[in-house]
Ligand code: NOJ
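The chain below stands alone and is given as structure tokens, in the form predicted alone.
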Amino acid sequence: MPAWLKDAIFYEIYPQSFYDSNGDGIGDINGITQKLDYVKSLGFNAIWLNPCFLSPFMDAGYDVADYKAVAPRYGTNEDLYNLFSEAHKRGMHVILDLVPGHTSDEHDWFVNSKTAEGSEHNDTYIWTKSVWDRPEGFSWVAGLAERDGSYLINFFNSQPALNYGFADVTDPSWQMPYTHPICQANFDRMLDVMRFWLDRGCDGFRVDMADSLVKNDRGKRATASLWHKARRMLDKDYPEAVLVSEWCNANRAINLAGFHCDFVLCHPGTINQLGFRNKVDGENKSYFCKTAHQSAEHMLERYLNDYQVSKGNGYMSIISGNHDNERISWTLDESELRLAYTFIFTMPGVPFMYYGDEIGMKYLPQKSKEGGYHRTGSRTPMQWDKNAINLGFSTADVLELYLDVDRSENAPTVSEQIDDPDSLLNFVRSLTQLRHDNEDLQADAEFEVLVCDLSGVLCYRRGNLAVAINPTAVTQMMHMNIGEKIFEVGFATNQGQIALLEPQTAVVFKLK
């Protein structure tokens, strides 16, 4: 396990929306480099960079046309190497987004694979024997290539699935077993991509749709065998590099496949969904909503199971949000965000924060851009300066912007919050400092739920510290001596063995 993960706090950057350094209306890598001091000043010591590779951007870069080339809109490979170097000078790490399950249909591998006469890449993708085949149970495209066959896709039609074979071969005429040398060689191409970037300063990868590789793989053991191959390579040649999975199944991702971290995504029954984004028939039922008034038991149920089965082998990663979900401020107001953020940064594992969540950027529903659809509203430009053109994101004309900024009067900005000690931004800064200063709040310190009842109060132990949260709008009692307080949101008082937690309070205290 890379030692730096223990105290890592990640900041996710969507490159086209962070900072435009050359005035063309779209964020770029040099813009990220220019803002490294800002990211570090908030207490984030690691960055997850969404895809920045050559792409036609039918899915915002998750359709890769060349894994070893930076998209010109973002700059050059040398710009990315420089970002790695500058981050390392500041004691920071940078991981890239790896998309191994599919490529763009403009990737040279696919362009060659779809030709009638065939090529060395004939079996790089999954083709049926005939264009008339309609493979049941799969998403497929037919009639758009010279080659006589239909090809499988993973998501959009422009994302043909790479061929890692089948765990259960049901039609040998076109399906290969995942152990076939061709399928193994296809995964070796991904290992080559990983080595390319690791050799140039990358610190690891967040893996998109990590469970999507081998088809007909019900238990995911075949897919896991490929990731173990990657993990063995890292352990041998790049022991400080990390693998973070988009899987949301800790037992499979960490125990079975060997990932260092697994995201808790916004899937039904997860903390991300039940705690932060739980709207039911238009009513906010999120645990951290002050009017929900419910036990945290349901929110924690799946998490506690995943935590127990993966403990000691890897880390669960709770995220404030990402590029695929409505922003956390969509359902939580600022006072509720402060409690949710306290929770995120004091729980086990490696926390992630999405750019702009530190200032409470809003989810802005709008017309789809580059395959974003409803997700587009969470991908708007970072809001730097209230008094600058385009809120400081870009000097370009508004019509040239990748996406428009929040034009509302109450749009939050860094400039308004950075010098305000009571701002959300500085609250996030205080939380990251608290975590860095206390090993008992870091990734692998002991964790135990102490109080979780119908009042809504949640209290958990981290080593010799404990965190108590009352997200409700009324004062609650907790039968426990809270000891010496080292961090507090709202107010908590201690009367013998009874602690009074005023509305919307979170307190971190030392255990006696």
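The structure presented is a predicted model; accordingly, all values stated were derived computationally and were not measured. For every residue, the number given is its place in the sequence shown, counted from 1.
The same protein also has a form predicted together with the named molecule, omitted here; what follows describes it.
Distance criterion of 4.5 Å from any heavy atom to the named molecule in the predicted bound form singles out 208 from the list 326, 217, 123, 208. Among 286, 417, 186, 159, the residue placing a heavy atom within 4.5 Å of the named molecule in the predicted bound form is 159.
Against the named molecule in the predicted bound form, the set 62, 375 and 379 is in full contact: each member has a heavy atom within 4.5 Å. In the predicted bound form, at least one heavy atom of residue 246 sits within 4.5 Å of a heavy atom of the named molecule. Residue contact check for residue 102: one or more of its heavy atoms lie within 4.5 Å of the named molecule in the predicted bound form. Residue contact check for residue 330: none of its heavy atoms lie within 4.5 Å of the named molecule in the predicted bound form. Contact between residue 109 and the named molecule in the predicted bound form is not found at the 4.5 Å heavy atom cutoff. Partner contact region in the predicted bound form: 316-324, out of 316-324, 253-261, 431-439, 142-150, criterion any non-hydrogen atom within 4.5 Å of the named molecule.
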